[in-house]
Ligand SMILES: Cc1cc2nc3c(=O)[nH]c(=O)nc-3n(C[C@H](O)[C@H](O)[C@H](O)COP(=O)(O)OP(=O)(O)OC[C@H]3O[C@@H](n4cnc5c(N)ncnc54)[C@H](O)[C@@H]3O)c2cc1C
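Have a look below at one chain only, the form predicted on its own, in structure tokens format.
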């Protein structure tokens, strides 16, 4: 009652102000001071909501003028404001890392889920006209949440491509046009529907959105045979910084080079990829063979490093490493390290066992370990996301329900890591709650493709790639700091044993520890800290030149986007000489 009375009295004074009277803050009673603060916060929040609503209304009007919204006139089914009951579910729908869904993390002013290419064009045009920053999401797997969170620039809105997921397969021409919002699992399944002996060499995680996945390279279990997903792209359609739709012929070879491995959201918005299909045998073979420390895991892993990049290119053997519980003396349990060797062989089990006996007999898989199946079933098997024996149709689910808080980093290895160093890794793993690492083999086709063929440079000389990850389920700050620091300490420990000058990293495993841009003032010098690691110097410099040419205003930007080079005219002493151009980093 007292609060209501105070509010009424205050509102009366606001409506019927008396003559101005100077009053010091200290003269206000505690009740009135508390009320004043409360009203200020309410009015501030109301203004924020009003501004957000006004921005959305203006954006919808702008999109309507610049595209065809008649296909679905109900704007509340493709536009979602924070007041919408669906806003949170849409925002969280494909986001993978719970760290970037926390209440303290900035949220978009609204979400736009376009239904056709012209809507994406309009989104770019209206973003520029209304001066509201844009983030683009195809699958939500960005490790640092950059596709749906902006921590350096607000307000921003989220352009979610989840409705753009057509897959048009052309077996006759060994090709498919795929929309950016489709998952790679959906792409695999649609290919399988048309042919049991065609596939595509991209990711192992089947819920990846192909728009962003291929922009970073897209490696998978057939990379040693056919290279990356980005190595097998013939054409694309993008929306550029001026809102134009460009195919390969219209964008030119420099921009087409840049979007295949140069990282997402720096050059434009991917609408479609035209991918090259590759042949796969009617029967492939998989196995998973595990060894713990007590079973000689350390020596076996050291041997794997010495042979894995030299194996038959039809054979892919990655290693999944994590702590597990094991039975010790007197039925007690203890933690140990498990190394699981997961393989795909493009052939039958008899030939696989011949290859293994010749090249890697120490692992010793048996006929019983080997499972023959179709290529599409091997996709389900290797993904690890589905129960054993799940049918291929699960690939159409599109989204994963398993979400955790996590921090990840990556490395590339060019010389075998010594056994003593491996033991140091095990000790650190046993100190952490839920650490995990995946060691992915290179060699084969990956060594034959030049590192300048596309921006992805990790080619000849790389034995394998490492992904480090720590996951946790408690989102409080203390837990986050603890696990992030553990990951960073492990990364520091590994420094002497991985690639150097630069210490390479995989752009699709975004790592903001390597450095970040400051708002829209992207600095070439600052960007070198991550650009050289993701792309190496020559490729990074070429990416910067392309960016400067196609997006000089730096419209497409985020915490680790490719920078532009700005040019400032310098007046010459002699007017006849004209202006010189001085490059500013």
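Positions refer to the first chain, counted from 1. Since the structure is predicted, the reported quantities are computational estimates derived from the model, not experimental observations.
Here the subject shifts to the form predicted together with the named molecule, a form of this protein not shown in this document.
The named molecule contact at residue 261 in the predicted complex, heavy atom, 4.5 Å: Because no heavy atom of residue 261 falls inside 4.5 Å of the named molecule in the predicted complex, the answer is no.
Contact of residue 122 with the named molecule in the predicted complex (heavy atom, 4.5 Å): So residue 122 does not count as contacting the named molecule.
Touches the named molecule in the predicted complex: residue 141 (any heavy atom, 4.5 Å): Because a heavy atom of residue 141 falls inside 4.5 Å of the named molecule in the predicted complex, the answer is yes.
Non-hydrogen atom contact residue 204 with the named molecule in the predicted complex at 4.5 angstroms: Heavy-atom contact with the named molecule at 4.5 Å: present for residue 204.
Position in contact with the named molecule when the complex is considered in the predicted complex, options 321, 454, 265, 395, heavy atoms within 4.5 Å: Only one listed residue qualifies here, and that residue is 265.
Contact residue in the predicted complex, chosen from 285, 508, 150, 470 - any heavy atom within 4.5 Å of the named molecule: Checked against the cut-off, the match is 508.
Stretch in contact in the predicted complex with the named molecule, which is absent here, among 428-436, 102-110, 365-373, 267-275 (heavy atoms within 4.5 Å): This holds for exactly one stretch, 267-275.
All of 515, 544 and 562 within 4.5 Å of the named molecule in the predicted complex, heavy atom check: The answer is no; none of 515, 544 and 562 reaches the named molecule.
The named molecule in the predicted complex - contacting residues of 441-458, heavy atom within 4.5 Å: Read in sequence order, no residue approaches the named molecule (within 4.5 Å, in the predicted complex).
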